[in-house]
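The data below hold one chain only, encoded as structure tokens and taken in the form predicted on its own.
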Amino acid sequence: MWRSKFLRGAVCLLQGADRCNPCKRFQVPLWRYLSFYQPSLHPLLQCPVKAPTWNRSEVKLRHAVPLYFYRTLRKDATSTIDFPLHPLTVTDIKQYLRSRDILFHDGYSCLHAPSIFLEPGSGKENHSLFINKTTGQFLCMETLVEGTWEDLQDCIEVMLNEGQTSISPNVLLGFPESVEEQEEREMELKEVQRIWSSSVPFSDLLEEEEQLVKTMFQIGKLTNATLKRFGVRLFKPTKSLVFPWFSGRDSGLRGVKLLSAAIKGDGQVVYTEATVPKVSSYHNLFGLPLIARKDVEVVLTAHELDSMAVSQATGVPSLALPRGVSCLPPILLPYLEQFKKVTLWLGGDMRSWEASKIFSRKLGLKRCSLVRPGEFQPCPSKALAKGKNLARIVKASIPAAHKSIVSFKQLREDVYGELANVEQVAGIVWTRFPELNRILKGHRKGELTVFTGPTGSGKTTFISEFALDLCMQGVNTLWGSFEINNVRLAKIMLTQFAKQRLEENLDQYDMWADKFEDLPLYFMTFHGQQNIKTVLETMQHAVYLYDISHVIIDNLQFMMGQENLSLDKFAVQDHIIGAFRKFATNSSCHVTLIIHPRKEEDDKDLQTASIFGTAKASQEADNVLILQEKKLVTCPGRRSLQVVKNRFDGDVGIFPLEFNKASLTFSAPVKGKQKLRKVKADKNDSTEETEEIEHKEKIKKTLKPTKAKTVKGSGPGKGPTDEENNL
């Protein structure tokens, strides 16, 4: 109670009022208005903060009330994803703006409105406020004030309550940060300045050194004039290229990206990137300071070298995305609103082609064109090195928008691309499960995988390593764990990531946690039974914000309790599976769905028919995986993974798994040939020896297909036929 009164008094002081007036047009929710700030008598904050200026005359705080405000320590909270009870729509945003008499017009991905943070008549306020149509997040291009839709509503209400035509940007920017945030930001800024001041322009390098560096990074065709125009330098201590991030308002240096090259033992050159600040806070559109207000066309690339190659060869403005093909942060969309035509040339492989189609949805299909990858259209830097005509390639880009009905003539090049890039079409391969690669060939977007196994066999533990392997390769992953909480799940994945028991090596925790934090991994905040509609809305929200390409749902049964109890439970399950199937296809996102099996006898293997519910789960799924466990047998050879359906090419098979309790991993190779023994040894020796031989022969026959080659059709004698598996 005392806290709410204190906050109410603080808001009254900030509004320049002696007391709160309940008769005003709109009462600002106190918890929301001060959601980012916390009043405190913190001893480390020595100077009182001035109140924001609502009126032309500055309102001062009374000396009798020594209020101190500081921003609470908020580490990157994007690792967990929550969704409001009532999702925001563009209709809600438009209705609110109209009700407050705020003019706006539709853009490609944002609504454009006059900025409320600029004085009328300044000449800069015309439609410089951009409001994202999907999330409501806003950005003022002139003052760089940004925040959530709730923040903007609060600012508008305060402005209207005071009868003003504008509000000071200090409302959201005028409070000092916490001590921890200040220290972290200062360290990052010092590191940026140190790297930048220690780096050398290419024009200052010796000719031999310049040629060596250009050869190392394969940029021999890029001129020094182009490198200088984009501000690229060389950091000599690590022989890295330095790409600057300049602020759009004052051209101040906000960060840097370093590109390093290393030669492996086989002579292959490997390039690595590092950013300061960290990746989650690095929102640089490389080349943005070179964009003029009159430019209406731009080429988006995945790498800085590609952007410079396009600009030099075509003269068309070009920008590089900060995270390549993995993500297009919505915070960057306002900077791209001025362009009537956006050409996406993200690379020469199938993954770049898929990312181009996904990003074009965010940017607006009608204005986007895509450069189709192929042998004659590689990434821009390689095209420049090979002497290709980049202007012709950009001009030949195809529209991203498509009709509902197409002919084979329109699909012809897509079909050829899949035939010419078989390995890339197969998807991203696992590094920890090579046997799985031989059967499934890879992890592909837009598919639905159903995974099942006996209770207590380690389904969650296996699938967490299964997903972690892909996440470490840049697959943006969203976990929906309704059975175990996120802390326990994160602990399991961190142990698998470090491959050791961190409770016995706590001195290494921070090191591994820092590396783990950089993974594109996110968690839903749900736990226990959830409604399918809420879960799907959260998934769609995450796909838009973070370009999620893999969603794990653990497990299906936890979403059935919130549905209509009057319906048959099997009908409810079929509805949920159909919804996930539709989501995977429409969002081009892979969904892995864990389903508990029916109760089976301990001595029998599970099969497709063992999946709980009707046959819809196995029919809708592109892949069906079963974690087999022989409960009457001790390790090794106790667990195995069986692929009983593979819609991609029909290959199925089974391979053994060995669980390592120290690292909680299943990826350790099975060592040698060892005898299996029964848990209960209550029979005579001869009988026991006979059973051991029978078990050994049975496992040998079971594993034989995966050792030689994968098997066409179903598993070893059990389960549906090949035709049924590929329905």
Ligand SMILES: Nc1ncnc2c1ncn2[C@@H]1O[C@H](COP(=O)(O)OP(=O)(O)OP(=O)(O)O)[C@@H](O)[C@H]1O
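A residue's number is simply how far along the shown sequence it sits, counting from 1. As the structure is a prediction and not an experimental result, all values here were calculated from the model.
Keep in mind that the form predicted in complex with the named molecule is not shown, yet the notes after this line are about it.
No atom of the named molecule lies within 2.4 Å of a backbone or C-beta atom here once its pose in the predicted complex is superimposed on the site C-alphas of this chain, so the site counts as open. Between the named molecule and the residues 136, 454, 334, 653, the one pair within 4.5 Å by heavy atoms in the predicted complex involves 454. A single residue from the set 157, 349, 273, 483 has any heavy atom within 4.5 angstroms of the named molecule in the predicted complex; that residue is 483. Though the partner is left out of this view, residue 461 does reach within 4.5 Å of the named molecule in the predicted complex, counting heavy atoms only.
By the criterion of a heavy atom within 4.5 Å, residue 214 is excluded from the residues contacting the named molecule in the predicted complex. Although the partner is absent here, residue 233 is not a contact residue: none of its heavy atoms lies within 4.5 angstroms of the named molecule in the predicted complex. In the predicted complex, the named molecule lies within 4.5 Å of some heavy atom of residue 639. Only one of 511-519, 653-661, 252-260, 161-169 places residue heavy atoms within 4.5 angstroms of the named molecule in the predicted complex, namely 653-661.
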